[in-house]
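This document starts with one chain, in the form predicted alone, laid out as structure tokens.
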């Protein structure tokens, strides 16, 4: 166990201080807004990794009158005052200054006095002015060492901020982007802290160790989350005994709609579980922000456009068929007709319409499902991976935004053949779906493990390379 390091996040109003804290702590319930002065008090957030508290962030109100405070301090300092007296003078200002004029600054400076280190956050989209120089000069009197954090890596004024920091003797600076926060940026931040707190290097080594263990554990959970969703969806069937073929035929359309609804709902639940694994809160949690999937995530899994975007191309399926030595068998129980339908009508969605066709036998037994065992599993896996990629790289500072994904194809011929084998195994065992009334959790356990191993291999190939931007 390590004693949490106290980091005061300070700077001008609306520079992105709370966003930086949200990104670093993986907390999406912080009060973040474009409105001026959203943070009016000091918010204290303890950052835990694996249940171990490692950092405490003091998110402070912004400075608006640093120049006036510096004048107050200069006037209050006696002729024999030295830099060692500065923290006492700052404490005196906090106690004596008019709160009606300086309440926000007094609170921010109080946090600065009890911190181990100060991180001054600058907005790189805004050109630094005299007020910024006054703020940096003021914070230099608080006592703790100061690092410069330039927020928004592509901001047009980042070099100007670096120059200002250099003139103010702040040589330890780092580039971050709260809204596009990547692991390498976190590492840069910690390196900057070590540079001003060399005696705490072991502290940050411990954080790196905990972070690696957390990520390894979450990777296992992510694979199982996606695997369980796939087994639930691919094994799901609805079977009803109606008493007559006529009655079954009459009820078929409604049961098919119920089948599709259950499949879509289970996929959406899988997305929500992924969000929770990464610390994004569900709707209804007080103070939390819901993350929404928009665009084609709102479209039915059975929509033709969804199939076009996430399904395998005809060329890919032809290659898969050649590799398997049985081109049309790949399209499941519907045989040649279904395969031909896919090849001839895929773009128009004719094949999509065959994804969940029910069947009625002479006794009146109505059966809907399972999903066919090639194109639908491919669509499900591609969608899950695209969702995971977005969530895996998503900053908690941008939690209110919608999840927007690409349309990459992540499965090669060998992957599709492997997936087909697993999908067909699931399709033959309807009790493996948690949506089944006769759910058999034990019976499906080995297959979930096989799906998880498959998903893990595909995710490894789909991972976005880490940000390698300038180290600052």
Partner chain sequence: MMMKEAPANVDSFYQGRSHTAAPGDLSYTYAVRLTDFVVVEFARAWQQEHRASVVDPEIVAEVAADPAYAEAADDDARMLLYCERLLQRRVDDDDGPGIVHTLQVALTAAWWIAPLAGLLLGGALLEASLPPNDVRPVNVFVVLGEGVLIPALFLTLTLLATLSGGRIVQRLHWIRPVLALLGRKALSTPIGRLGGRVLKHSGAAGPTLASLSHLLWLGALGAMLVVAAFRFTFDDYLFCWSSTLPITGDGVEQLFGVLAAPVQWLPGVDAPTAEQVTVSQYASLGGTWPRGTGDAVQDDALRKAWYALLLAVIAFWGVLPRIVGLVVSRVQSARGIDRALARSSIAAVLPALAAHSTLRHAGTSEGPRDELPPTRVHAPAAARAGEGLDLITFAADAPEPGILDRLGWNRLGLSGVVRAVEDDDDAVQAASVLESLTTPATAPGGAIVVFDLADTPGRVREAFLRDVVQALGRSAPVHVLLTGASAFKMGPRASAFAGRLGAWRDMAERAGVPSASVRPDEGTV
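Note that the structure is a prediction, hence the values are computed from the model and not measured. Residue numbers count along the first chain shown, from 1.
Beyond the structure shown, there is the form predicted together with its partner chain, which is absent from this document and is the topic of what follows.
In the model of the complex, no residue of the candidate spot (424, 429 and 431) has a heavy atom lying within 4.5 Å of its partner chain. Listed residues 221, 393, 125, 195 were compared with its partner chain in the model of the complex; 125 is the one with a heavy atom within 4.5 Å. Residue-level contacts in the model of the complex: of 65, 444, 420, 27, one residue has a heavy atom within 4.5 Å of its partner chain, and it is 65. Heavy atoms within 4.5 Å of its partner chain in the model of the complex are found in exactly one of 186-194, 97-105, 363-371, 256-264, that being 97-105.
At the 4.5 Å threshold, heavy atoms of residue 22 stay clear of its partner chain in the model of the complex, well away from it. Residue contact with its partner chain in the model of the complex: residue 15 places a heavy atom within 4.5 Å of it.
Contact between residue 375 and its partner chain in the model of the complex is not found at the 4.5 Å heavy atom cutoff. Its partner chain in the model of the complex comes within 4.5 Å of no heavy atom belonging to residue 78. Scanning 133-161 for heavy atoms within 4.5 Å of its partner chain in the model of the complex gives 133, 134, 151, 152, 154, 155 in sequence order.
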